[in-house]
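Heads up, the chain below is alone and in the form predicted alone; it's given as structure tokens.
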Amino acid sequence: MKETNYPLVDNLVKMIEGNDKVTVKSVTVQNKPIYIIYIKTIADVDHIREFILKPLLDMKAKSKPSIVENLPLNDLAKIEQSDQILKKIFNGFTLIIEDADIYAVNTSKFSLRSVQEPVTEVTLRGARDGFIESLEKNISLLRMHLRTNDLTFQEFTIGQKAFTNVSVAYLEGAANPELIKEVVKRVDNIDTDYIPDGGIIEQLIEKNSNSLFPEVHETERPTKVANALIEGRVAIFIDGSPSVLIAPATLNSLFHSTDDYNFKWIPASFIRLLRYFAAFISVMLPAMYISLISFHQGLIPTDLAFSISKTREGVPIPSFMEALLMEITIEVLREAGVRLPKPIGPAVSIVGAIVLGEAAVTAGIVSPLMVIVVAFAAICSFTVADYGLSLALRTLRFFMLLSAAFLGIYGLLLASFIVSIHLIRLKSFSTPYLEPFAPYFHKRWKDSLIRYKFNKRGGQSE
């Protein structure tokens, strides 16, 4: 790029050196040079031409001392700190230079998809919109659902080699100041080269990195974020990611679904209880089956024991290996279904499960009852609303299986005790993970296992 003989502009271009899409234009207004710098691939060139270049060329009189400040731009801002220059221009802003002053105006034009319903969070009733990969659009979606001047945002720029804009949102008066302070502190202390998605921030701000359980709730639904902020929690928006993180997360909150509040409280509470029961079954059923048929046959009713014995006739491998083989097969089919294109992924998973299960039983490798147990446990795991929690429970199932294989029901109890101790000690942003069950908070039980009933004002019934 040719030098302009204007030291400030030449120095700026050198700062962005290596990017051949940087465009520098100069306009002489009232015998004074005005320089305009932007990156062509991420800036709206038509907007720059219509609202910056054309007004400058047509400017004949000015009401303010600065020429640039007379431009009809609402979000024009003067840059006071030099470290903001690169962050602004790589966010799609246009720099306008007059004398020694540098101004920035938002002219970004990134390629974005339209607002769609989140694929991973299906709802039966309620708003269908979902977050996309734009921080500004996502904040706009949240404001559409939460129209209050108490909604507050704190902005951060993270990344040493590539910048990512992050925004922490909360409701003034609803969120605990200590919680806000802790979330802001953890986000501000992130020291990494690049943030590609919210999952990276989730791992960088959590304290128990070795725990299976998620410490923040991840969602793509604006209504879920709005509800969380009303409850006094804090949300973290990441530019370039459709996922928004909500802190703190408790085991109880991870079982909640958006649809819980869209239906009457009795059926909604029944479905919520069913979800808890299904999660318990998905973790414990294969392990309980192994412990009973391998160590404690006396606890099985006689008729049932004979039936199980008949189904296992001719199976050449121990029941634990049989269960492990089926569990690994289920996980492989599930992973294949996720990675394959959407039109064929579910079909391959279903057909694969049926064909492999039928073939394994016919070949005498596994018993029909084992196929039923493992398949039912896998189906139960699909009822968990949060994918992070679902992943944790699926991993936990293997731990329970191993414990039952070595010590039977005693191993299962020991493993359950270890997991319970871990959950009791686990905290998410200083909030006990098992709240309101442990420690016991009677008032918060209203929206735990049983969904609360709305009163006439739309709040929780006493």
Partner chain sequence: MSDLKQLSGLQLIVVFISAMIGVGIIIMPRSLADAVDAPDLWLSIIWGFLLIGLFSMIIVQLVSRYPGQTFFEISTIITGKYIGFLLNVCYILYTLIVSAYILRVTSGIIKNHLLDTTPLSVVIGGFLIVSTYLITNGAGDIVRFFQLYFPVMMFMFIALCLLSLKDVDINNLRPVFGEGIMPTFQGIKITFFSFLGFEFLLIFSKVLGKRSPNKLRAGMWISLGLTAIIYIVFHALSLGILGLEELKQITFPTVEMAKSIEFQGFFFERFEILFLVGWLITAFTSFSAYYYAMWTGVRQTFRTKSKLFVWMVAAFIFGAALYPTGMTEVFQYSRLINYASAIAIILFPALLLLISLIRRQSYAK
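These figures come from a predicted structure and were not determined experimentally. Residue numbers count along the first chain shown, from 1.
Below, we turn to the form predicted in complex with the partner chain, even though it does not appear here.
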Residue contact check: R394 to the partner chain in the model of the complex, 4.5 Å heavy atom: no
Interface membership of I450, the partner chain in the model of the complex, 4.5 Å heavy atom rule: no
L86 within 4.5 Å of the partner chain in the model of the complex, heavy atoms: no
Proximity of H296 to the partner chain in the model of the complex, heavy atoms at 4.5 Å: yes
Stretch from 298-306, 202-210, 264-272, 125-133 whose residues place a heavy atom within 4.5 Å of the partner chain in the model of the complex: 298-306
Answer option from M59, I421, V45, L53, heavy atom within 4.5 Å of the partner chain in the model of the complex: I421
Of I39, V29, L434, L402, the one that lies within 4.5 Å of the partner chain in the model of the complex (heavy atoms): L434
Non-hydrogen atom within 4.5 angstroms of the partner chain in the model of the complex for each of L292, G408 and S416: yes
